[in-house]
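Given next, in structure tokens, is a single chain: the form predicted alone.
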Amino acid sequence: MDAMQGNNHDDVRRHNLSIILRLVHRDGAASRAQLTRLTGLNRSTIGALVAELAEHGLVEERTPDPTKLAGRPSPIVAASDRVVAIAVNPEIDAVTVGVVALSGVVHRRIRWAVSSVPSAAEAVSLTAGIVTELRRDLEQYSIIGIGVAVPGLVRASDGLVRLAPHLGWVDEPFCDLLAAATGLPVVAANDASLGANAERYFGAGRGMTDVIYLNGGASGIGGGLIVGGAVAGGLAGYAGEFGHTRVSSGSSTDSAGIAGTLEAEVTRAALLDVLGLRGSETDADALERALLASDSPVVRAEVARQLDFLAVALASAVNVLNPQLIVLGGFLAALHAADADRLSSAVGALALGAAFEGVQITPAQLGSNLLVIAAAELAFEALLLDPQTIVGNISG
């Protein structure tokens, strides 16, 4: 007998449940007829799979609008609004905690400002306190777990935060500490890598196979890569650190102590300074509004300076990776909005013509919800992979 065995019935069912749940989660509600066409499964199999997912509360079926369909309408299958993940993004000036539904709805987003850079233990304590309060409001919801978007290097194998330089975290077992404090499963990854994935599935990168994502935050600049339709994480999950790309001969150093890098030259702090907003509660959306409203020559000069350095890094990335799309998030999206033509022209002048041909540069479509959606997706992954097994472990 051949040593290669086919899947048993349970394996096939688990795989098919995963396919159906992933489709309605990432692509939105679909009719049973559409799911039949997309999966190649027959109608009775789709009916049985949907019924099982509905029984577990992972999807719900809705009656379609009969006025918009000819013939017998097929029930609409939608991912649940009541199965949720907790998303966490610790930063140097705040800890953001969100509640995101399997359907994609962002139920809550809480930004808790801090007066000083939080230690890992302080971030855990603050997050656990917020989660405790949220759980009182989420009694009718099922919590799948916690996903953490970390502004630093996170080891893929166990979620250990190897280095988050602006936070001052080195080899911090943040996942283990937060899991112990909340009683929920916790997974973590680099914030920009997660952002790339979120924009790929839900934002500007839908349907694209080669995407570069750069995120600018209070802790600096990171990036994520989708190459050939797959996330490029590197050997240990550290790929995409565009912030440490050298873009000038300047003496300013980044969080790793390297001079002349993108992170050293292109900073949120410098933009806030020229706008007179340093120390204020200014998120990326407010920063963009302030840049667009300003006619100060000093502000214009700083925007131009930072865009030109950003162009150096993007042109190098274009030459190496030949992407379809470059997505800019956080304060980099605000910079782009301030003078998109300058950035595109500067990249075009530095990149190989053939490599840059057809490349689009666009702001992140998910806006201020990007990182909470991205972190939640990390928490949902185990459920999407194996709905049959994971569903019994969901916390109420």
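Rigid core here is just the name for the largest C-alpha set that superposes within 1.5 Å across the two forms. This is a predicted model, so every value here is computed, not measured. Start at 1 and count along the sequence shown; that's the residue number.
The same protein also has a form predicted together with a further copy of the same chain, omitted here; what follows describes it.
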Practice task
Choose from 362 to 370, 23 to 31, 53 to 61, 336 to 344 the stretch whose residues reach within 4.5 Å of a further copy of the same chain in the predicted complex, heavy atoms counted.
Solution key: 23 to 31
Exercise for the section: Answer with one of Ala239, Val114, Ala181, Ile110: the residue that has a non-hydrogen atom within 4.5 Å of a further copy of the same chain in the predicted complex. Expected result: Ala239
Exercise for the section: Report the residue, out of Leu225, Val83, Ile130, Val95, that has at least one non-hydrogen atom within 4.5 angstroms of a further copy of the same chain in the predicted complex. Expected result: Leu225
Problem - Ser157: touches a further copy of the same chain in the predicted complex, heavy atom cutoff 4.5 angstroms - result: no
Exercise for the section: Indicate whether a further copy of the same chain has at least one heavy atom within 4.5 Å of a heavy atom of Arg246 in the predicted complex. Expected result: yes
Handout entry: Distance check, Ala48 to a further copy of the same chain in the predicted complex, heavy atom within 4.5 Å
Key = no
Handout entry: Residue contact check: Leu235 to a further copy of the same chain in the predicted complex, 4.5 Å heavy atom
Key = yes
Completion exercise
Taking a further copy of the same chain in the predicted complex and a 4.5 Å non-hydrogen atom cutoff, the residues of 318 to 357 making contact are Asn319, Val320, Leu321, Asn322, Pro323, Gln324, Ala349, Leu350, Ala351, Leu352, Ala354, Ala355, Glu357
Exercise for the section: Kindly check if the Cα atom of Glu55 is displaced 2 angstroms or more between the shown form and the other one relative to the superposed rigid core. Expected result: no
Handout entry: Core-aligned C-alpha movement of Gly348 between the shown form and the other one, 2 Å or more
Key = yes
